[in-house]
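Shown below, as C-alpha cells, is a lone chain in the form predicted alone; questions about how it binds or moves come after it.
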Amino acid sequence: MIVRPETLLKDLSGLWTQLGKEETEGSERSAGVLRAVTMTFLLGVDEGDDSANEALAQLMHEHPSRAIVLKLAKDSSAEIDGRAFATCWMPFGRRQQICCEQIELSAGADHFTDTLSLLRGLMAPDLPVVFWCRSAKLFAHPAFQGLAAFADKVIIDSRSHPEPIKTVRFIDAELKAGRLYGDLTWTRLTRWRETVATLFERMDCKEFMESMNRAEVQYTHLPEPMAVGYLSAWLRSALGDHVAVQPIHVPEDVPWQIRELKFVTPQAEVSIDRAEKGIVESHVRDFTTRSVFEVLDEARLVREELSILGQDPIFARTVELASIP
C-alpha cells in the first residue's frame, strides 16, 4: 500500500471539518471543540502493544500533541500502512471537548525504514519533537537512529532491553555528542534519590558525611538490575571517592526491588529500607520517619521526562559512571 503524508494530513483536515460540523449541530449541549497541539510525539511500539496506547491517552491530557504511533508489525514483510484520526475528551466539569491528532504508521521490519521518508511531512511544524521508543526490537532496528535524529528528546527504558548495560553505554555516547536522552529506569529512582537527599538535609550530618566510608545498595534479584547500577553510580558521584559503594544481593522470594540503602561510618550507620508495600522508612539514631512511594505507571514516568527538555548534568554523570565496566 502506498502511504503519502499529504493523504494522511488531508484525512486529518477532514476530521477537523467533521468535528466542526458536529460542534455546530450540538451547540446547545457543548461549548465546542478545542484543537490542541503542543508538540509532535513519536511513539515506537510493537504491534499488539495496547498498553502503550493507554499511556499515550493519559499523556495527551497534559501534553496535547500530534501523536504519531509507529508500529513494528509482527509480519516482517508487511508493507507500510497508515491512518489518521482524532482523540477527544471532555475535562470534568467543562462543556468543551479537547481533541488531539493521531497518526498510525505500521510496517514490518523489512520495510520499517521506509517510514522515515514519511515523517518529516507529518510532524507539526515549528514545535518540539519527542520520541518515546517503547519497543526493544525497534531500538535494535536500523531505523532507530533515523527516528532519533528527528527528535529533540528520545525516551527509552533500558530495563526492558536484553542487554541494559549496552543501552546505557549507547546513551552515554549520545549524551556526550550533545543529544538529549531519558531513561525510564533512571526516572523510577527519583523517589529514592529525593529520600536520600531529604535524609541528609534533615540531620546534622557534616561529621557523619566526613567519616562515612561505605554505602550499600541492597537488592533482591539476579542478575543485578540496571536500576541498581544507576543508583550506585549516583551515590558514588554524590558521596565522593572516599566512600565505597557496594551493591549487595539479598536473596528474597519477592519480585525484584531495591531493599535497603545503608550509609556506614566506623561509629554509626543510617539506613533507608522498604517497610511494606509502598512505604519506605528512614532510620537515623533512634528516630524513624516514613515516606510513601506510590507506584508510578509509564504515563507518569514519561510525564516526568517531558518536564525536562534540557540537558540534565546529574543524569549525564550517572550514566557515565554506570557505563564503566
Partner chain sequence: MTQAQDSANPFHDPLRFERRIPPCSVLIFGANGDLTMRKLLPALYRLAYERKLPAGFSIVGNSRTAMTHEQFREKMRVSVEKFIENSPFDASLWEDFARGIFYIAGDISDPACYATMKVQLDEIERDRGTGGNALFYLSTQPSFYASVVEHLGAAGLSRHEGGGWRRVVIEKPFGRDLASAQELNRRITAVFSERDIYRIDHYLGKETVQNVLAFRFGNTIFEPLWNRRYISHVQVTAAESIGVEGRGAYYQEAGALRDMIQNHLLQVMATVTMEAPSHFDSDTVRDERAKLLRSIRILKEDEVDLNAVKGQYGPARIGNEDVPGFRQEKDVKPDAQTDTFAAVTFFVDNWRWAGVPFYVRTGKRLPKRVTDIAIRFQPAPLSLFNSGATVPAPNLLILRIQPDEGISLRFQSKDPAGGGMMLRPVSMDFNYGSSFGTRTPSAYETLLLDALGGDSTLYTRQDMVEASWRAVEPILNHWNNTTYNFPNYDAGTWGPKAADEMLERRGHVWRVP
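Worth saying up front: this structure is predicted, and the values here are computed from it rather than measured. Residue numbers count along the first chain shown, from 1.
Just so you know, the form predicted in complex with the partner chain exists too; it's not on screen, but the next bit is about it.
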Residue among 209, 175, 118, 109 with a heavy atom within 4.5 Å of the partner chain in the predicted complex: 209
Proximity to the partner chain in the predicted complex, single hit among 198, 145, 76, 213 (heavy atom within 4.5 Å): 198
Partner-proximal stretch of 76 to 84, 217 to 225, 231 to 239, 160 to 168 relative to the partner chain in the predicted complex, 4.5 angstroms, heavy atom: 231 to 239
4.5 Å heavy atom contact, residue 187 to the partner chain in the predicted complex: yes
Distance check, residue 297 to the partner chain in the predicted complex, heavy atom within 4.5 Å: no
Any non-hydrogen atom of residue 303 within 4.5 angstroms of the partner chain in the predicted complex: yes
4.5 angstroms heavy atom contact with the partner chain in the predicted complex for residue 311: yes
Sequence-ordered list of residues in 45 to 74 near the partner chain in the predicted complex, where near means a heavy atom within 4.5 Å: 61, 62, 64
